[in-house]
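Read the single chain below, which is given as C-alpha cells and is the form predicted on its own.
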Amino acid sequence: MTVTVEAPARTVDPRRHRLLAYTDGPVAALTALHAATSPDLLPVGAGGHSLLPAAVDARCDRHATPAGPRECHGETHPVLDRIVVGADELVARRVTGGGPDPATGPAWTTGIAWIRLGLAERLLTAAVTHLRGRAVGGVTTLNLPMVRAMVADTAAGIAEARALLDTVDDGTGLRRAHLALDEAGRCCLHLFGASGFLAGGPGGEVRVSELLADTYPPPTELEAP
C-alpha cells in the first residue's frame, strides 16, 4: 500500500458552491467543489463510498483514506450505481479501505452541506414558479392557505439549515443542517403534486441531495479530531 502525504487543503469559502448549486445544479457544484478541495482525489465517506460526477470520477488517480491519499495503481473500485442528472450522471462506488482524508475531508464535507442548501433553495424557487402558473377554482394555487403553509414550512427549514451552516461548523451542526434540508426537500416535493416524485423531475435532484448526505456524513463526536 502506498500512502502519500497530502498538503493541507486550500482555504475555500464553501458558500460559493451553494450559489453554483442554485444556478447550475449538483453536477456543476460538485465539480467546482472537487477542483477547489481535492483535485485528482476520489473523496470517500465514512462508509467507504464515493459519489461524483462521471467526468470527475474518471480523472481521479488516488482515493481518500483515513491515513491520507492512496495511489490507485490501476485498481478499480466497483461501481454501485450510475445516477442520471439532466445530461450528466453521477457515479457511486464502493472503495475498499477508503474513508475521509484528514487533510481534505472536512472541507469536502462542509462543501457538500452548502451544495445541499443551494439545491434546496433551487427546488423551492422552482416550486413557487410552478404554483404561480396553476389555478384551482379560479384561485392561483400559490395563494391557497394549505399551499402557503407548506411553502412557509419549506422556507423555514431552509432558513434553519442556513443559520446552522453560518454559525456552527462542527459535526453536530452539520448533521442538524442535513436533517433540516431533508425535511425541507421532502416537504417541497409535495408542492409539485405527483410530478414531484418522478425520477426525471424535481424528485431526481432531491434524491441526489439525500444520497450526498448519506455518502459524505459529517463526523460524529467520537470521530471528530
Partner chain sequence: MTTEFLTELRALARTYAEPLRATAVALDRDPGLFRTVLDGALPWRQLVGLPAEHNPDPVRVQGRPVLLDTCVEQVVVLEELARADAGAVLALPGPSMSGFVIAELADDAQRERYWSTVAAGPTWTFFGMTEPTHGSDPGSMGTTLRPDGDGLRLTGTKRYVGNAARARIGVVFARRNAGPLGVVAVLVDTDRPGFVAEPLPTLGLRGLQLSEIRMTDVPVDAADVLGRHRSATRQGMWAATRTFNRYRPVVSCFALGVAQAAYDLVVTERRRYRADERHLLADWAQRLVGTRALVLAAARAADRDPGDGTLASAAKIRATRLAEEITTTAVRLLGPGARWEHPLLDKLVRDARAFEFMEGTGNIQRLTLAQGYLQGRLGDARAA
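Numbering follows the first chain given and starts at 1. Just so it is clear, the structure is predicted and the values come from calculations on it, not from any experiment.
Omitted from view is the form predicted together with its partner chain, to which the following refers.
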{"query": "D24 within 4.5 Å of its partner chain in the predicted bound form, heavy atoms", "finding": "no"}
{"query": "Exercise: R162 in contact with its partner chain in the predicted bound form, heavy atom 4.5 Å", "finding": "no"}
{"query": "Any non-hydrogen atom of C72 within 4.5 angstroms of its partner chain in the predicted bound form", "finding": "no"}
{"query": "Contact flag, A87 vs its partner chain in the predicted bound form, heavy atom cut 4.5 Å", "finding": "no"}
{"query": "4.5 Å heavy atom contact with its partner chain in the predicted bound form for all of R16, G118 and R122", "finding": "no"}
{"query": "Its partner chain: the contacting residue among L189, C60, A32, I158 in the predicted bound form [heavy atom, 4.5 Å]", "finding": "L189"}
{"query": "Stretch 23-49: residues contacting its partner chain in the predicted bound form, 4.5 Å heavy atom cut-off", "finding": "A46, G47, H49"}
